[in-house]
Ligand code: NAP
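First, one chain by itself in structure tokens, the form predicted on its own.
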Amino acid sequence: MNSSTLSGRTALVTGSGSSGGIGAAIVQVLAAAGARVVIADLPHLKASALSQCEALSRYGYEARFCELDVGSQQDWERVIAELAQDGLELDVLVCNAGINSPSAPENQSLDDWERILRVNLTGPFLGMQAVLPSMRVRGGGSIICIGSVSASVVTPPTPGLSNAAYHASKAGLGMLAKTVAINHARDGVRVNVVAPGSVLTPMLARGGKGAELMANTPMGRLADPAEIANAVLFLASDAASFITASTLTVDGGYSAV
């Protein structure tokens, strides 16, 4: 894909402050495609995010950090206002922030359940609400949600644990994306989902289940974060100009077996 495919556009990626993760890979790929990138994450990841910005600037890419709790409507309003003050309006929104806290369904606390849904589902809802007015006025934009094959496939259970809240949040995210996509199709706003399978990130490595996940993936390996980022780039670009309300599954065949 042409290196200037997103030239002149501004993209915000939530949950992208931590190096080595899917969010950071998305930031790098979008910046290399010519986009001005906004790394949006929680305050404790500011140092890591600023380090990413410095690294990108050395290649001539434009990047900045914004503190953002995706579950806070006030935070979304503040970030959009701060960008507008600098003459920036979002052409691309990537809802990447996500969390999980496996627990047996009967033991999972209501606080845990609500915290996972707040980040994984309410966060994208608030993000869409924040950017849609500007995108509509300006004739369009691209919103990409990072879903999961867990939206439709229940992963093999670990005794005493379950990803019930995570599965529910990702399934809800898929329907949220489709609903917003259909409502704003004629406004030029495209909304799609990238659904990764198992991705080789620091979080997964710490979990120690890499070998098991590789064995359950027909391609026999885990995805590199850049492979998820390239799918996001495609959906953000004009190459996907007639694609909306769709889910692009990037899972090495996992969900097909």
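Residue positions are given as counts along the sequence shown, with the first one as 1. This structure is a prediction, so every number in the text was calculated from the model and none was measured.
The same protein also has a form predicted in complex with this ligand, omitted here; what follows describes it.
Asks: Is it the case in the model of the complex that N96, I99 and G197 each bring at least one heavy atom within 4.5 Å of this ligand?
Replies: Judged in the model of the complex, N96, I99 and G197 all sit within 4.5 Å of this ligand.
Asks: Report the stretch among 40-48, 27-35, 53-61, 185-193 that approaches this ligand in the model of the complex to within 4.5 Å, counting heavy atoms only.
Replies: Of the options, only 40-48 has residues within 4.5 Å of the partner.
Asks: Answer for V70 alone: is it within 4.5 Å of this ligand in the model of the complex, judged on heavy atom distances?
Replies: Answer yes; at least one heavy atom of V70 falls within 4.5 Å of this ligand in the model of the complex.
Asks: With heavy atoms only and a cut-off of 4.5 Å, decide whether G147 touches this ligand in the model of the complex.
Replies: Although this ligand is absent here, G147 would touch it in the model of the complex, with heavy atoms inside 4.5 Å.
Asks: Considering only heavy atoms, tell me if T201 and this ligand come within 4.5 Å of each other in the model of the complex.
Replies: T201: contacts this ligand in the model of the complex.
Asks: Quick one: is V119 in contact with this ligand in the model of the complex, heavy atoms, 4.5 Å cut-off?
Replies: Yes, V119 sits close enough to this ligand in the model of the complex that at least one of its heavy atoms falls within 4.5 Å.
Asks: Name the single residue among S237, S18, T244, T10 that comes within 4.5 Å of this ligand in the model of the complex, judging by heavy atoms.
Replies: Checking each option against this ligand in the model of the complex, the one that comes within 4.5 Å is S18.
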